[in-house]
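The chain below stands alone and is given in structure tokens; this is the form predicted alone.
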């Protein structure tokens, strides 16, 4: 996941509560990866993805680099070479390996990475009562950073296993009798609305400052677009009609040979299957369409006689009706069909592309120092996604959260909510 590593400051962090949260979140990462072999955890299927083992080690590096080394006198690093090896983007901390080479790191072994995590965890918990408020704020940033990487662990290993030479097993599942509720349109009044983070709860710096926006009256769909609805677009030659596509999107379609969402495949009986839950399953028409690019989302919206919402429109609607869909804690790892009425799936199931480029809010200033590097410099050539997905931790998402990716990205759990 792309997102900021800088927190909007807040007072009153409790060492005891943070210690409990620290232990819980760190254990979630281990539980997420327990079923993967050492060979699985070394896979890197593309430069945009990282090996599972690297995620486990890099998140540990964050706590060692920003929490322990500057704040614990006499702390002994687990391995001084890790400062270079596990750095991701922090130029102010020195050199780091090329991102595309992370899959070449057979050393440290998975066993050593687990030992590294245990070493750092013990040191953090032994010293947490002595940390000042600024260090505790950095610790909470590190926990949210780890939750981002928990989501990346699931997206990256899915991509890696999909590209493995041995194709995924087939898991037959019935989709008969299932149906999503009808899509309805929710009216939102025009006028001046406030968006962005405010208050004392945790938030990343790119979620603020809170500010006013002028919106025209608009309608927003009650749920995400389903596989069945998207297949109607496909059947109407949606991937072969250049008038529906942005110019750059059409170029990507032609260059990459897109004919369907990512992880979809058609069998000899003309039935669509997709890779889900580590198996190939028949596409369920009632589930949200997933693993599509911004270009595909925009083309579908145009075909449907609608558009994508701006991120301000999305936030105004979602904060009013913060409905929860499937998230990481449900351990389904696949978006589920909407149920009920009203504004559904605000959080969970699929990240929803918005029409908004990822730029700074009025008054935004990147934080000083290495920990502030990660955010502002990525405000170029990316679009905002909102709401989280089926692999987003529930405690990590909120109405002001801004995720962002380049418009061609398809390996994320990304989908569509329409607006008018």
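Numbering follows the first chain given and starts at 1. Note that the coordinates shown come from a computational prediction; the quantities given were computed from them, not determined experimentally.
There is another form of the same protein, the form predicted in complex with a further copy of the same chain; it is not shown, and what comes next is about it.
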If you check in the predicted bound form, is residue 278 within 4.5 Å of a further copy of the same chain, heavy atoms only? yes
With the cut-off set at 4.5 Å between non-hydrogen atoms, does residue 15 touch a further copy of the same chain in the predicted bound form? no
Please check if residue 81 has a heavy atom lying within 4.5 Å of any heavy atom of a further copy of the same chain in the predicted bound form. yes
Test of understanding: in the predicted bound form, would residue 119 fall inside 4.5 Å of a further copy of the same chain by heavy atoms? no
Any idea which of 56-64, 384-392, 22-30, 353-361 reaches within 4.5 Å of a further copy of the same chain in the predicted bound form, heavy atoms considered? 353-361
Looking at 184, 216, 237, 133 here, can you tell me which has any non-hydrogen atom within 4.5 angstroms of a further copy of the same chain in the predicted bound form? 216
Could you spot which one of 179, 164, 126, 255 gets a heavy atom to within 4.5 Å of a further copy of the same chain in the predicted bound form? 164
Though the partner is not shown here, which residues of 39-58 have a heavy atom within 4.5 Å of a further copy of the same chain in the predicted bound form? 39, 40, 42, 43, 44, 45, 53
